[in-house]
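Starting off, we have a lone chain in the form predicted alone, written out as structure tokens.
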């Protein structure tokens, strides 16, 4: 597999890493190993879920972000905010303060990402799915899409090819501005993300159409701090002058879309919503083994409570969810005028509403050659049987299973197992029958 085909937003700062193993133990795809006291990430297995960043107590896992000053290269500077951005702010900060502050720091227009839900509902009357097999799996969460590509390639045929709402929103905005005779080079569309995986997806060379849809991506935590400072500085003035609202406002179901069960609640048939990536992996194992039947649609999210739990979301995910639930209760259906504006773009949107077919990119095979892979599998099973099975992590791998796999691939040696090295000579003689001289390397 070519690791360069997918961009990664998370990197390890070796100057800050202390080799504590917390990132390695929390990585759901076993992408991290420790070597010479530092964490190293296998790019073929990383899905940019952010579990490592969340677990690191030393700030050694950092996320890439565009320079905010980039927005000023464009005359039309559009911020696309996920609804959870509003949920990060305390109840005593009105929404119009937030939107006005965003205008004050440089944006000319603000849209909410989930407006794409209302667009889809307007042009199609319902939320549609496009996949080769059921259950259809949502592609809203790029970390989950990446996980299925590399770890569960047989399930790629279940992935929904309908574009997620944020892409629909961005395409709608760009095409509407172009219809108004605004030159494309003057349009800057910036997505504000609570998620490292969305940064990786937007910047990935394997998703070239993303570069045509989005101009850049902004770390939600960074923008939240900018807005907070602006509000704190101008609170008295905002109380008198803040009037700006996003164009257009959301409907209740769109507001709740990015939270757990927000998407699946709009899909007909039997649906299931699962959040937090370790729970998702447990479920995908069952799906791959044909244990799941009679489910029409799966909403899978890498983060607990959906995007409210994103690693770049600065606030508490439970408070954010409650605030959005309360917010949605005061929203209304979109007006006939808004529906008319959407339908003007309908032919363009329908033409581009589907993604290209998603390809499997398995990173878990032992070898590209089937014969060599079978030999390595036999070797792996022998090694795994002889390892202590206590998953202590002292070898620099997250588990005995992972170490056995690394040894079978030729990426590690049995001498890395500290437990085996401390055992008696008699036990070591027995183990020599399996590994031979590699034990003494």
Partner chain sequence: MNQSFSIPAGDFSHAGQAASEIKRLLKQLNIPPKVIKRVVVALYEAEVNVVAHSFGGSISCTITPEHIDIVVSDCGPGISDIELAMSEGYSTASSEVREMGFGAGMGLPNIKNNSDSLDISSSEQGTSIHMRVNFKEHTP
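Treat the numbers as computed from the prediction; the structure is a model and nothing was measured. Positions refer to the first chain, counted from 1.
Form predicted together with its partner chain: not shown, discussed below.
Put simply, residue 365 is close to its partner chain in the model of the complex: some heavy atom of it is within 4.5 Å.
Contact check for residue 186: every heavy atom lies farther than 4.5 Å from its partner chain in the model of the complex. When contacts are judged by a 4.5 Å heavy atom cut-off, residue 154 counts as touching its partner chain in the model of the complex.
Though the partner is left out of this view, residue 285 does reach within 4.5 Å of its partner chain in the model of the complex, counting heavy atoms only. In summary, among the residues 370, 239, 90, 232, the only one with a non-hydrogen atom within 4.5 Å of its partner chain in the model of the complex is 370. None of 62, 374, 55, 394 but one reaches within 4.5 angstroms of its partner chain in the model of the complex through a heavy atom, and that residue is 374. The stretch that touches its partner chain in the model of the complex, counting heavy atoms within 4.5 Å, is 379 to 387, out of 66 to 74, 412 to 420, 35 to 43, 379 to 387.
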